[in-house]
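Just one chain follows, in the form predicted on its own, and it is written as structure tokens.
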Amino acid sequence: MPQYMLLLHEDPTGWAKLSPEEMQTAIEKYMAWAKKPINRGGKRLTEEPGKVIRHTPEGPRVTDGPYSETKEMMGGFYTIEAASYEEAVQLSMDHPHLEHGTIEVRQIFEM
């Protein structure tokens, strides 16, 4: 069955605005969603913006994270199985991350 990555984008300052109770509720929602049988794995990323390495004629160039001009960053990812893009999107519509950011759905290339 095809696999899809759910790339979780967010404004990390939004999490800092949550009360401890709201944060606990959010964590519980993420943990419950992660237990769905379609889920094949996932990880939360650290809050640092990361580095991007680009090819240039002078050689590889390293810059700060891909979102240096925006407040949004990739906060984590999940890998799920779905029969089609449409099903992957539909299965993601109840993901709790939609309360805090956006989800980019990308199909994983099968070799």
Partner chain sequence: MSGAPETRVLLEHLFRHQAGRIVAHLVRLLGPAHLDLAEEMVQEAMLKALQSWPYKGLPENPEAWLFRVARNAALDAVRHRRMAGGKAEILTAELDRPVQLNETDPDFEEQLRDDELRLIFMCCHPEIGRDASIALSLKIAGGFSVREIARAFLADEAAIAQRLVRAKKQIRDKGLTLEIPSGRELAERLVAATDVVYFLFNEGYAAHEGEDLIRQDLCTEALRLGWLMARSSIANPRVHALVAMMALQAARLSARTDEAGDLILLEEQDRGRWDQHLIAMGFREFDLSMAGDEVTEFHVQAAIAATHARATGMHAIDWPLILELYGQLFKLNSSPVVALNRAVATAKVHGAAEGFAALEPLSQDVKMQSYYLYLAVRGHLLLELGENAAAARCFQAALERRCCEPERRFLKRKLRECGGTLDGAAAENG
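Numbering follows the first chain given and starts at 1. Just so you know, these numbers come straight off a predicted model, no measurement behind them.
The discussion below concerns the form predicted in complex with the partner chain, not included here.
- By the criterion of a heavy atom within 4.5 Å, D64 is excluded from the residues contacting the partner chain in the model of the complex.
- The partner chain is not shown here, and in the model of the complex it never comes within 4.5 Å of any heavy atom of P49.
- Contact between E86 and the partner chain in the model of the complex is not found at the 4.5 Å heavy atom cutoff.
- At a distance threshold of 4.5 angstroms between non-hydrogen atoms, R44 is in contact with the partner chain in the model of the complex.
- Taking a 4.5 Å heavy atom cutoff to the partner chain in the model of the complex, the contacting residues in 1-24 are L8, W15, A16, K17, L18, S19, P20, E21, E22, M23, Q24.
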